[in-house]
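So this first bit is one chain, no partners, the form predicted alone, shown in structure tokens.
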């Protein structure tokens, strides 16, 4: 793979290869300095905490170096330079690029004329493939498999790039998908059609209580009020989709709870003490997944 642009570009074999490489790095006493003399450029034209720091830390731990454009005001994009021309410039400086942008498809445009590997670190409502990789890795690491599991995707399934990408990436495995969302923000037809093209079934429900006893993993992303015309309805749904410890007590002992973070109206803090809560552990896992990905792209 030259670039990592979308969650549906991976085969099952490629995903398992990345997971096994990440696990090997996580289990090793010393991180091999495979990126010595290499430079990662982080081009983040939209705010980020975990993703940007995770990419930069991963490259540094591998022995590489980092250069950065921390926001659009810090580059010639602010003067009107095109994404294509900005890409040509950074292509001369870096060996690999991680990029976040506010609009869907902008990372693809940026990567058009350059040979340096580009990783999509989030493009608006489009995609966030490395977030999906680290969340799936967390489930795989905890359960030792993905096949045979029942996985719930809960919240704004319509607009969440994380939930949409998770559904596509999970299509590579023999698992059962359940979309938990109100009708207003249920999973879009494009993802449903993609799953059907892969021969994958899915279930649609409106309440976590309907399926909590069946789940082996639950990924939650917040309900976004901005996508509702009826703001009172948005507030009502938002309250219903805040998850308490009591709501999870019927769940399996080995249920994995994930959230791409920041945690906004998803899990209450009381859930943090539950052994099933793995959303902060996934932040640590992200380092090894992104190290494995960098190693894969740069050989």
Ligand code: NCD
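Residue numbers count along the first chain shown, from 1. Everything numeric here is computed off the predicted structure, so don't read it as measured data.
There is also a form predicted in complex with N-carbamoyl-L-aspartate; it is not shown, and the following applies to it.
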item	value
Proximity of residue 161 to N-carbamoyl-L-aspartate in the predicted bound form, heavy atoms at 4.5 Å	yes
Contact of residue 50 with N-carbamoyl-L-aspartate in the predicted bound form (heavy atom, 4.5 Å)	yes
4.5 angstroms heavy atom contact with N-carbamoyl-L-aspartate in the predicted bound form for residue 262	yes
Touches N-carbamoyl-L-aspartate in the predicted bound form: residue 100 (any heavy atom, 4.5 Å)	yes
In the predicted bound form, the one of 200, 222, 168, 141 near N-carbamoyl-L-aspartate [non-hydrogen atom within 4.5 angstroms]	222
Interface stretch in the predicted bound form with N-carbamoyl-L-aspartate - options 253-261, 269-277, 33-41, 237-245, non-hydrogen atom within 4.5 Å	253-261
Partner contacts for 107-140, taking N-carbamoyl-L-aspartate in the predicted bound form and a 4.5 Å heavy atom cut-off	128, 131
